[in-house]
Structure formats: structure tokens, C-alpha cells
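Taking the form predicted alone, here's one chain by itself in C-alpha cells.
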Amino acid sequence: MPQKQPSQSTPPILYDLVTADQVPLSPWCWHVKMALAHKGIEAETIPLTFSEKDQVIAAGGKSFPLLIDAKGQPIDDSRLIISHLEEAYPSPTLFPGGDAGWASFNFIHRYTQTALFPTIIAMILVDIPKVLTPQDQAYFIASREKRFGMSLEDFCRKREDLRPQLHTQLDPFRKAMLSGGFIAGSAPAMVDYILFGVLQWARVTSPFPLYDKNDDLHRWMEDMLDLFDGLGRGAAAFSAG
């Protein structure tokens, strides 16, 4: 487990996007939450819903996640936040292997954004309003239907057909895990947290299974949920009730 960073007079503040039940929602926020935990940084967290985004804007950001660092500087892009944390708190590193670790992160971050995320969103988008507040539901449905030019139901109507595509897209991660149990090897690092953030987002917002319990990803995900005293597991999985 990482050692806690020395306490500071002004701890960082993380503006976190949450569901109606205050469950952390955003994959990009999860990336930052896991990076903070990896480095032993105890940040103050401000949980907000979509309809409370004005508080993020008032604090100097544009969207979630927003980190206010110990010096009061706002940083509102997950990749920039992660880079800042690595520079400000170099140990323990998020990128083992130095330049190679950074290169792996850059590749997986881009791959997740451009390949993996679009597939998963087409499988779970229709379920997300169910975990939001009524006000957020109205905003989310209207904004996403405008973005995609169709109803959420139509957008996700072929989600069963996407299973083979997702399985193939996830296969490089499975192969990487064979070297030591995690994508990064024998211990988790930022490349693990990138994938975890997206799968955790699906876990808390949708009952639609992305892989089965015999999949190596299931074992890895269980291990990831237990990290940092169960930080991920503390966020309840989707419940229809």
C-alpha cells in the first residue's frame, strides 16, 4: 500500500460527478480518484450531480473532474490532473518504467477514448438515466439524444451484437495481465486505472454485463475493486431497486 503523503495546510479538492445515491459516476473522475489513492493523497471530495455543474464552473473549471491543487490552482482535465499529480508527488510513481510507462499510459488512454469507450457507451447508455436524479435524467436524456440523433433505446438496441467487438477490444488487456496479474505487471499502475475507470463506470450505471465471471477480466476487476481499502468496491454496483 502507498504511504500517505505528508499532510498539507490546504489539501487538494476534487469535484466528483455522482449519481442520485451519491455513487461516483464518471470514468474520468475514477481515473483521478485511483491516482490520488495510489499516491496516498487525501483530497477533499465535493460530490455533485450533473445539474450542479455550475459549482465546477464557479470554481474555475469547465467539466468533471476538477481538481483544485494545494496551491489553489484549478485543473479540469483528467489527463492533465494525472500529469500534475505525478510531477507534484513523484513517489510512488504512476508510470513504472519511466518513459516507457508514460508511453504505455498515453497509448492506453487514447485507445480507451477512441475505441473502448464508444463501444461500451453503445451498450450501457440507455441504463444511465435510471441512476440519476429526476432533474439530471431530463438533462441527460435530452443532451445525449441530441448528440447521437436518436433515442437512447435506439442507440443501444444492438448492444447484444456488440459483445464480440468488445471482447476483441479488451483482449490486449487480458494478454497484458498474464505477465503478473495486472496490466502494468505485478502491481497496478495508471494503465490499470484507465481501464478500471471505464469498467467501473459501467458497473455502477448498468446491469448489462460486459464480460462473464470466467473471463480473466473478472478476476482482475475484483482485485482492482479491493485496492486502497476497497475504494472501488465502496461504490455500489447498479441496482434496479
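Values in this document were obtained by computation on a predicted structure and should not be read as measured data. Start at 1 and count along the sequence shown; that's the residue number.
There is another form of the same protein, the form predicted together with another copy of the chain; it is not shown, and what comes next is about it.
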*Among 133 to 141, 149 to 157, 97 to 105, 81 to 89, which stretch has residues with heavy atoms no more than 4.5 Å from another copy of the chain in the predicted bound form?*
97 to 105
*asked:* Considering non-hydrogen atoms and a 4.5 Å limit, does another copy of the chain approach residue 62 in the predicted bound form?
replied: no
_Would you classify residue 117 as touching another copy of the chain in the predicted bound form, given a 4.5 Å non-hydrogen atom cut-off?_
no
*With the cut-off set at 4.5 Å between non-hydrogen atoms, does residue 186 touch another copy of the chain in the predicted bound form?*
yes
*Find out whether any non-hydrogen atom of residue 201 is located within 4.5 angstroms of another copy of the chain in the predicted bound form, and reply yes or no.*
no
*asked:* Residues 52, 55 and 73 are flagged as a possible site; in the predicted bound form, is every one of them within 4.5 Å of another copy of the chain by some non-hydrogen atom?
replied: no
*Tell me, which of 48, 37, 176, 43 has a heavy atom within 4.5 angstroms of another copy of the chain in the predicted bound form?*
176
